[in-house]
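The form predicted alone is given below as one chain in C-alpha cells.
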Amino acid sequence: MALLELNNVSSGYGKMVILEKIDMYIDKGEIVSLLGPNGAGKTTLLNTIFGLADIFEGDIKFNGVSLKGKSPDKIAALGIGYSPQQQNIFPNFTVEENLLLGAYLRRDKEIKKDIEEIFEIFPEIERRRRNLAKTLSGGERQMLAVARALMLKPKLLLCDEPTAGLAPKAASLLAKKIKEIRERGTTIIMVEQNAKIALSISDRTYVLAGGRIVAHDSSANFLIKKDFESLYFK
C-alpha cells in the first residue's frame, strides 16, 4: 500500500476548481517532484493534501486513512508536515523559538533533543540559533522553514519551492539537505521551479499543466529527455 494516494481528486477554493481528476501515489521513502509552469496547480495540490483547499471530488488517503474533510491540524497530527513557500517562518522569534513553535502538537519530552538533531542537519542555522529569524539570509530562512516543519517528526514532508529565489550555491546546498532528510526516513513531496535540481534529487516526477497531470515517469528518465523543459514549461 502506498503511503499517500490521490484518487480522482478535483479540488480548489470556494467554487473555483483548480485541479481536475488527479491520480497519484507516493511510496514510503521516496522523494517525488511536482513540476510544471506557473499556474499549473502545484501549490494547490500541496494545499489539497494538507487540508487548505477544498476537495470537490475523489479522495486522498494517507496510510489508509482518508484526509477528506480533515483540518490541517488533524492532518499534521497524522504525520504530514508542510513547509510553504511564503510566510513559512516567524520573523520576530529566534531560530530556536521557531523550532519550538514547530513542535506545537507534540507532548513528549524529546523536543529539545530533536532540536539538536535538526541542527546536525542544518549547522548553518545552529550558529544563528539565538538570532531573530528576520536576520537570516534567504537560504537560511528556507532551511529554517524546512527544519520547523520537521519538528513535528512527520512521516511525509510537503515542500513548496524550497529553493525559490536562492542563489545557485544556496539552492544546491538546500537540495543536499532534502536528500539527507529522506535518508533519515522522511518521505518528501517537493514542488520546484528549478527542474534540474528537482529531477537530480527525486525518484519520480509528476508534471502538471492546466490543473491536470500531463506526464509521470522516473526522474532519471525525465533527465535524459533533451526537450523536457520546452515540452512542459512553455
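All residue numbers refer to positions in the sequence shown, first residue = 1. Keep in mind the model is a prediction, meaning the values are calculated, not measured.
One more form of this protein exists, namely the form predicted together with a small molecule; it is left out here, but the text below deals with it.
Trainee: Using a 4.5 Å heavy atom cut-off, which of 174-182, 40-48, 198-206, 59-67 contacts the small molecule in the model of the complex?
Mentor: It is the stretch 40-48.
Trainee: Any chance all of 13, 18 and 193 sit within 4.5 Å of the small molecule in the model of the complex, going by non-hydrogen atoms?
Mentor: Every residue of the candidate spot has a heavy atom within 4.5 Å of the small molecule in the model of the complex.
Trainee: Is there a heavy atom of residue 161 no more than 4.5 Å from a heavy atom of the small molecule in the model of the complex?
Mentor: Close contact exists here: in the model of the complex, residue 161 approaches the small molecule to within 4.5 Å, heavy atoms only.
Trainee: At the 4.5 Å heavy atom threshold, is residue 88 in contact with the small molecule in the model of the complex?
Mentor: It does not: once the small molecule is placed as it appears in the model of the complex, residue 88 has no heavy atom within 4.5 Å of it.
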